[in-house]
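Okay, here we've got a single chain as structure tokens, the form predicted on its own, with questions on binding and movement later.
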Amino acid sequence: MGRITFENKVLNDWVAEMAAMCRPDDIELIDGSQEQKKTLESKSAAMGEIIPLNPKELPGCFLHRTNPNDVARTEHLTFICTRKQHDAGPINNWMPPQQAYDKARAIFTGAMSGRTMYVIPFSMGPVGSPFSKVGVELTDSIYVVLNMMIMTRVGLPVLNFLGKNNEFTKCLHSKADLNIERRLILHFPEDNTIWSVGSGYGGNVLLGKKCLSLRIASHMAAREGWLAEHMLIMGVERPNGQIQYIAAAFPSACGKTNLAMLVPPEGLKRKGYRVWTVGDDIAWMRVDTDGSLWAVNPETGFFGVAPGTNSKTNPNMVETIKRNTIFTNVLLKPDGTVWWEGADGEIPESGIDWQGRPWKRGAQDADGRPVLGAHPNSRFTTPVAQCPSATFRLEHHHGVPISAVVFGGRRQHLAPLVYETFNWRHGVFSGATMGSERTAAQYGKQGEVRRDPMAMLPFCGYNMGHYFRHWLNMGKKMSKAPRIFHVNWFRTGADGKFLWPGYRENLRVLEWILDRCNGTVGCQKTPIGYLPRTKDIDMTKLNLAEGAIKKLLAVNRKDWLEELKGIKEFFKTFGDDLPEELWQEYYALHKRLTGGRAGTGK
């Protein structure tokens, strides 16, 4: 087995220890060079791990297929490993650190035999920025290496910046045998360590992504006094050149990526707006010396869901993925290009499906159900810098100032199109109680509300009751805190159809949000917050059904009182860890909804 010597003794000893356990045939340092990248692409293609796509139509692009049992994040196999179970909280799966290390060590032992261990130094955030964190991932997967080179800043500049500093996240990954019975994704926040074994799927193995950027980073952030959030960051530029930035959190299937790179609608083009994409998934935010909240996107790539991505839903993403992109679990067309359900153009007559099987248009299984060409969670990994709306501040060490924080969910009848919360504390209550209703396509009772506070339920690396407390404390640190809003693009009419067209038309709502931040537009006060008046949203060239805007902005007190019952049960989950301030917000809302009558006890 080869050996690499590092200047950093802690790094040197750790790599040697992990190699002794995993027993790779060779060790290779990822230096971040294009020459090494090309060599690894060729090697991976020769192994059949990736398939080069049509170089004329999709230059620099590849297709990868995962094991059919390995197509998404495996939440039930994902653990927070703290010495005290209480520190992980009631939401996370917990395992004692020693037990977790022992279980994983049994799987890792010899797992890289016959393979190369790749050492990937990476930086989440611009190298050297006060926002940023350094990690080193050890992996036996070239697919992981190539994806990390898209998603993070990788190579010698990171290693040089680390120098002899011992502060880095130790990330160990092996595909092992891809046996779901021997799959674990383990987070050790007290050790700044992540171990992932038995998976090859991006969300489980690109350890800079959810594992470091959210689960480990949220723990760091609580300790160090900043925020690591599952949020997009976007800038809205006005004709006078002023750019204001928004951070927004949405549960899955609520259009986060589409909003992050929104194209202004025809009706607002006369106003000359331009949208800048900072990031579509993760925001690291700190209070600066000016008393404001500033944010960076710690990533350099998008790990997007392919199905439904087309020129209507997200034209900027369609442009972004035309080169230097890795597609995972999509359909391979005979011409060497790819397709997925909801893509532009005609449905192909035939191709090779995401499992490598011949596929024909209209194919059905034995039960008469359509056979999909692409997996519903098929993905693409692509550089942010290729996006037509990518911000010029991607590498800005200071980040961007946040004017508004936006929370959202998918609610058919309850939440209005948009409302502004009364203050920071009320805004935290709004984020802590957000959620979406299950659709017919999701497991569980249709219409049941799935709470997903701040869209962080699967990603908070510590006790979520303490997380809410941290959010409240962050508000006290700021002299110029962002205003907090809630949006709902998914309200439906009596016919079950959406009242709001969504997509690029959402800029009309963002315009009101930023005008509220600037104090240039009015509102109406309601029990749940400040809502636009019907005249406050620019409806130019938007032909909504008659009365739709009034329905979109309606607040039904009876429905909200019913909602409070679900909120109470959810809050009880956290016991004494739930901050008293959130119970106070709960009772204040009840009082506003009932015209002054006090609510019942906890």
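On a predicted model such as this, the values are computed, not experimentally measured, just so you know. So that the term is clear: the rigid core is the largest set of C-alpha atoms that superpose within 1.5 Å between two forms. Residue numbers here begin at 1 and follow the sequence given.
Keep in mind the form predicted together with a small molecule is missing from the figure; the text below concerns it.
- Between 424 to 432, 125 to 133, 79 to 87, 497 to 505, the stretch whose residues reach within 4.5 angstroms of the small molecule in the predicted complex through a non-hydrogen atom is 497 to 505.
- Distance criterion of 4.5 Å from any heavy atom to the small molecule in the predicted complex singles out W489 from the list Y462, F485, W489, W354.
- Exactly one listed residue, out of H187, H173, R379, H219, brings a non-hydrogen atom to within 4.5 Å of the small molecule in the predicted complex: R379.
- In the predicted complex, none of the heavy atoms of R286 sits within 4.5 Å of a heavy atom of the small molecule.
- Interface residue remark: N92 is not counted as part of the site for the small molecule in the predicted complex, having no heavy atom within 4.5 Å.
- Contact annotation for P251: at least one heavy atom lies within 4.5 Å of the small molecule in the predicted complex.
- Taking the partner from elsewhere, G308 is found to have a heavy atom lying within 4.5 Å of the small molecule in the predicted complex.
- Taking 2 Å as the criterion, K497 counts as shifted between this form and the one not shown: its C-alpha moves by at least this amount when the rigid core is aligned.
- Once both forms are fitted on their rigid core, the CA atom of S252 lies 2 Å or more apart between this form and the one not shown.
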